[in-house]
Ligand code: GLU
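There is one chain below, alone, in structure tokens, taken in the form predicted alone.
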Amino acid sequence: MNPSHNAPIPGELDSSFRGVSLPDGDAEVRILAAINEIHLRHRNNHEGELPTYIPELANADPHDFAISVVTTNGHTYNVGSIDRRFTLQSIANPFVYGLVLDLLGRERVLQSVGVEPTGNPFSAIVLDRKTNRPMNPMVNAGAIAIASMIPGATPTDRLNRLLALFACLLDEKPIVNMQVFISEKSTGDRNRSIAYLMRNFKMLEANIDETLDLYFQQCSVSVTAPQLALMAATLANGGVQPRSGREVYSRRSLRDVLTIMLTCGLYESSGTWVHRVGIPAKSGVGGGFMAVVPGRMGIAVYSPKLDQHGTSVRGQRACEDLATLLNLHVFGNTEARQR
């Protein structure tokens, strides 16, 4: 039998969830019950490996596991290692993409970075064969190109603009983990190769060392799971930070950000994710995992052991289970309408 025939329909409980009973009524009580059930279900899952290609990331505690949800009205629900800090890594990509879209406009960004999914790993040294652009802004090549487009007269100006973005998202001063930044910079030859390839095809005109420093700094922004869930909730809340009420992204740019997260956020496993779970998501090799349910909530999971695609094992499984229990799939509530 084809294994896909045994896969649960997103939004329906699979056999392993039979007997799980969530409270009726208040949706937010259901959220708290769900994340506690899921944390208990996965806390003894030790699959995956710590990343070693960024040496500092290999020092993470493999037992850390946190789940956080922030609703669009700013309510927060947490379980697990919620005080543990980790670096965003490529989870920063959609946020910086939205910043550049708002500053420069869609057409300018499309000249340098495409929007097509890729079957390649996130760090592949490859560009679109027809246009020589990075395939999309979620992979390393696209994220480096986007970082190079942040306006500013000096490297300090560009860094300050980047940090101001994260200050708006977090509603507090962001922290850059300098140990991780130095570790990435000292071992970032693959990203340098990507940057030089783009410069060869005139797709990257900014100073390479300055651009990569900025890119490594955005990857090294340090957050907790509740902070990441708040960032995700900003995307879920029409680009408005739920607690401060400040508009961080325009509606038009936000639409593009969420679309690319849905189609490209998990690299070569993005199609499987959309089919099974059906909500925009983004992973990072720092162990973070973020998902967005437009109009409802932001979800964050932290667990540092990764699968072969560089995605948190417990992160994606916990998020999939939450989507199943709460019926979050974007197409999970479609019904025929009376004409």
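A residue's number is simply how far along the shown sequence it sits, counting from 1. If you're wondering where the values come from, they're calculated on a predicted model, not measured in any experiment.
The same protein also has a form predicted in complex with this ligand, omitted here; what follows describes it.
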*Would you mind picking out the stretch of 104-112, 244-252, 89-97, 202-210 that comes within 4.5 angstroms of this ligand in the model of the complex, counting non-hydrogen atoms?*
89-97
*Mind checking whether each of E56, F166 and S222 has a heavy atom within 4.5 Å of this ligand in the model of the complex?*
no
*is_contact(E184, this ligand) in the model of the complex, heavy atom dist at most 4.5 Å*: yes
*Even though this ligand is not shown here, does N191 get within 4.5 Å of it in the model of the complex, heavy atoms only?*
yes
*Give a yes/no on whether V277 approaches this ligand to within 4.5 Å in the model of the complex, heavy atoms considered.*
no
_in the model of the complex, is there a heavy atom of this ligand that lies within 4.5 Å of any heavy atom of P304, even though the partner is absent here?_
no
*May I ask you to choose, among T118, N140, S148, T71, the residue with a heavy atom within 4.5 Å of this ligand in the model of the complex?*
N140
*Exactly one of I38, I31, V293, V285 has a non-hydrogen atom within 4.5 Å of this ligand in the model of the complex; which residue is it?*
V285
*Within 256-271, which residues come within 4.5 Å of this ligand in the model of the complex, counting heavy atoms only?*
Y267
